[in-house]
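Taking the form predicted on its own, here's one chain by itself in structure tokens.
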Amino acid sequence: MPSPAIELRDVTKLYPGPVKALDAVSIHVEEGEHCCLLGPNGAGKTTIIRLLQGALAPTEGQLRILGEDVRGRSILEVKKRVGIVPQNPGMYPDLTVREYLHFVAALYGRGEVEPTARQYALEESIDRPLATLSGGYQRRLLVAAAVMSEPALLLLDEPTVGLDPLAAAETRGLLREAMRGRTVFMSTHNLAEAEELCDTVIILRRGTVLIHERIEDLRRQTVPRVHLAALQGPDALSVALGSLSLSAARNEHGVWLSLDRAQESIPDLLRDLLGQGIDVYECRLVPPTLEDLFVEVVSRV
């Protein structure tokens, strides 16, 4: 049986104080998995990312990356198989794009600069200093540098933070391509982005893991919401639903309600409402978003 791409086994991390950032955390991210790490501020996300980057060492427990124990100097070899897109560029502002890519290729011992620049549409900027690039092009360069050495694992730390909506959308497109055929571990506060790019989610709270599941499996465990709108207006619709022992939340155009086995229940519900003289012109089944799932998981613990 192959080893997980990322394995934290009973990892605890203490900071001076002492502050317990992680409390016996165990995580297994399988090869090829696209996993997102979520949690409120202070949950321990940044600590896990820094452990995986080799910037921190666990206080207790074991950390393995791509099947290798990363204690001591062995992490230097492991890091050559890991591409990182950091939260902040942290670049050398006076280097040109060409110089920066050559620097990264030298660090990893492999990578072709000019083909990478062409692939990521950096040719016209290749002799510009990094300080003159827009935020979107700086992030484009970070993605290019992260995949130039053909890594097996990508670590993405808030990869679109601080970007305008257009640059963020372009960066997500680049990331989707870069993620193909690779294991991905991403930390983000952007839940829509996590839902778009990842298929599994780990939710942390106060240094402990609450869940590690496929997003689709988690969604199936949640009662979907239904939006109804009727010619008679939200008030009349809400009263009619109340007579059916259904509570609904009104909005300007209609009502929201949670409905078990919604697809099977909706036809009978619409017939009952029509029988009460309620003319429904909109019935929309809305699967829960990852944000809905996140709030539910964090709130129930």
Partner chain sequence: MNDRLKPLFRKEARQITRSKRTVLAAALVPALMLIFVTGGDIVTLRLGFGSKPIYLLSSSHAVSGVYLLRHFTLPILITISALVTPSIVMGDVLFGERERRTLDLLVALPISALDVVLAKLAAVLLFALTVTIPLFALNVVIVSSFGYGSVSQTIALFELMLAAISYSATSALIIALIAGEARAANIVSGLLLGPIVPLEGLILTSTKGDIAVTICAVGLGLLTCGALYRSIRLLSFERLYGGT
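Residue numbers count along the first chain shown, from 1. Nothing here was measured: the structure is a model prediction, and the numbers come from that model.
The next section is about a form of this same protein that is not shown, the form predicted in complex with its partner chain.
**Student:** Let me know the one among His34, Arg50, Arg64, His28 whose heavy atoms come within 4.5 Å of its partner chain in the predicted bound form, would you?
**Tutor:** Checking each option against its partner chain in the predicted bound form, the one that comes within 4.5 Å is Arg50.
**Student:** Pick from Ala249, Leu270, Ala55, Leu244: which has a non-hydrogen atom within 4.5 Å of its partner chain in the predicted bound form?
**Tutor:** Contact residue from the list: Ala55.
**Student:** Its partner chain is absent from this chain, but in the predicted bound form, do Pro93, Glu99 and Phe103 each have a non-hydrogen atom within 4.5 Å of it?
**Tutor:** All of them do, each having a heavy atom within 4.5 Å of the partner.
**Student:** Should Tyr108 be counted as a contact of its partner chain in the predicted bound form, where contact means heavy atoms within 4.5 Å?
**Tutor:** Contact check for Tyr108: yes, within 4.5 Å of its partner chain in the predicted bound form.
**Student:** With the partner left out here, check for me: in the predicted bound form, does some heavy atom of Pro18 sit within 4.5 Å of its partner chain?
**Tutor:** Output for Pro18 is no: heavy atoms all beyond 4.5 Å of its partner chain.
**Student:** Although its partner chain is absent from this view, report whether Pro86 comes within 4.5 Å of it in the predicted bound form, heavy atoms only.
**Tutor:** Within the cut-off, so yes.
**Student:** Hey, in the predicted bound form, does Lys79 get a heavy atom within 4.5 angstroms of its partner chain?
**Tutor:** Within the cut-off, so yes.
**Student:** Which single stretch, out of 37 to 45, 55 to 63, 232 to 240, 260 to 268, brings residue heavy atoms within 4.5 Å of its partner chain in the predicted bound form?
**Tutor:** Careful reading of the contacts points to 55 to 63.
**Student:** Suppose contact means any heavy atom within 4.5 Å; which members of 132 to 161 contact its partner chain in the predicted bound form?
**Tutor:** Read in sequence order, the lone residue that approaches its partner chain (within 4.5 Å, in the predicted bound form) is Leu142.
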